[in-house]
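Here you get one chain, nothing else, as structure tokens; it is the form predicted alone.
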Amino acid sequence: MQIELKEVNKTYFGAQPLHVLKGINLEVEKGEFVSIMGASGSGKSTLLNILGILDSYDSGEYRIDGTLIKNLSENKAAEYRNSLIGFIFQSFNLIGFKTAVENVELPLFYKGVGRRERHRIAMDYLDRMGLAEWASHYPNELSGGQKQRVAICRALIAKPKILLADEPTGALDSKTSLEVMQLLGKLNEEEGVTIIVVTHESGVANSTNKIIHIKDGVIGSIENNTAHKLSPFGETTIMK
């Protein structure tokens, strides 16, 4: 799905108003694998929240495939999120008292899919991520890399058109970070999912095809990463 922002502004009003996004202009084409890179306080997380319809913006336009996303009711915003967007977070956001497979099943539960069917689909995703034998384990029994792969399964199971990843490698060691980025690259390549990764790490950004630099709420340079090359990721295969 194509994403387009025109002159998007966002200010947080408090004792001291904070103008976080200052006229953002951005286009992400369908099927692109891009990173938004910036230091802490640059506005990248606010931008991601707007892209994910988790936060509103004050002025400008945000369109998904030409549809204006603005002033939505909470029900309409939730409908768009559930049908279009998958999320991956730095802290995994897995539910501690649910097993890996139960965590993956959750989006299908909210869509009303029957217990047996959602379990079958969730197990298929875990199997293809090399996690079938960990399906009955709880998050505190999994490594950081395993938790993030479970989180990726959960994000994918509803078949989103757009995948938003907020510092997805922030809690991982360098080797596991590389594996997670390679996995996202394969998803983009094989399934055509539009993926946007927010990061402050150049190594993560260099794993994507396009790097968008943001500083002080303004888009700076946008570079096509022609040197980007995806390395093999073990034996993992991705859902067709």
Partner chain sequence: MLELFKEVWSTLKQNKLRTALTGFAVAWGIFMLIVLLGAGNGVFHAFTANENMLSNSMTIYGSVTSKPYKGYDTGRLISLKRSDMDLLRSPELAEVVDEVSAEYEKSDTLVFNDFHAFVNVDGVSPLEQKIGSVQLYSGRFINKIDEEERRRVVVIPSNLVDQIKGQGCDYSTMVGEYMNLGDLRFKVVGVYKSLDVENNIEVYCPFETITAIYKAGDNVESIKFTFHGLLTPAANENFIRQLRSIFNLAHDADPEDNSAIYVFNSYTAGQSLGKAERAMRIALWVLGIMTLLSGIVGVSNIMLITVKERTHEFGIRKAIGAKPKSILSLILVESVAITAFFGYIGMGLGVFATKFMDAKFADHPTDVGIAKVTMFVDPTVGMDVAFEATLLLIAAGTIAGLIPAWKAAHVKPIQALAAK
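Source: prediction; values computed, not measured. Numbering follows the first chain given and starts at 1.
Only in words, not in the display: the form predicted in complex with its partner chain, which the text now covers.
Novice: Which one of Leu106, Leu142, Ala135, Ile121 is close to its partner chain in the model of the complex, taking close to mean a heavy atom within 4.5 Å?
Specialist: After the contact test, the surviving option is Leu106.
Novice: Out of Glu189, Asp55, Glu201, Glu61, which one falls within 4.5 Å of its partner chain in the model of the complex, going by heavy atoms?
Specialist: Contact with its partner chain in the model of the complex is made by Asp55 alone.
Novice: Tell me, please, which stretch of 175-183, 46-54, 204-212, 29-37 lies within 4.5 angstroms of its partner chain in the model of the complex when heavy atoms are compared?
Specialist: Stretch with heavy atoms near the partner: 46-54.
Novice: Test of understanding: in the model of the complex, would Arg128 fall inside 4.5 Å of its partner chain by heavy atoms?
Specialist: Taking the distances in the model of the complex, the answer for Arg128 is no, it never comes within 4.5 Å of its partner chain.
Novice: Would you check, heavy atoms only and a 4.5 Å threshold, whether Lys161 touches its partner chain in the model of the complex?
Specialist: Because no heavy atom of Lys161 falls inside 4.5 Å of its partner chain in the model of the complex, the answer is no.
Novice: Is there a heavy atom of Ala78 lying 4.5 Å or less from a heavy atom of its partner chain in the model of the complex?
Specialist: Judged by the heavy-atom cut-off of 4.5 Å, Ala78 is in contact with its partner chain in the model of the complex.
Novice: Contact with its partner chain in the model of the complex for Arg154, defined as at least one heavy atom pair within 4.5 Å: yes or no?
Specialist: Looking in the model of the complex, residue contacts with its partner chain include Arg154, since a heavy atom lies within 4.5 Å.
Novice: Would Ile3, Lys22 and Asn71 all count as contacting its partner chain in the model of the complex, using a 4.5 Å heavy atom cut-off?
Specialist: Answer is no for this spot.
Novice: Does anything in 92-112 come within 4.5 Å of its partner chain in the model of the complex by heavy atoms, and if so which residues, in order?
Specialist: Residues within 4.5 Å: Asn93, Leu94, Ile95, Phe97, Lys98, Leu106, Pro107, Phe109, Tyr110.
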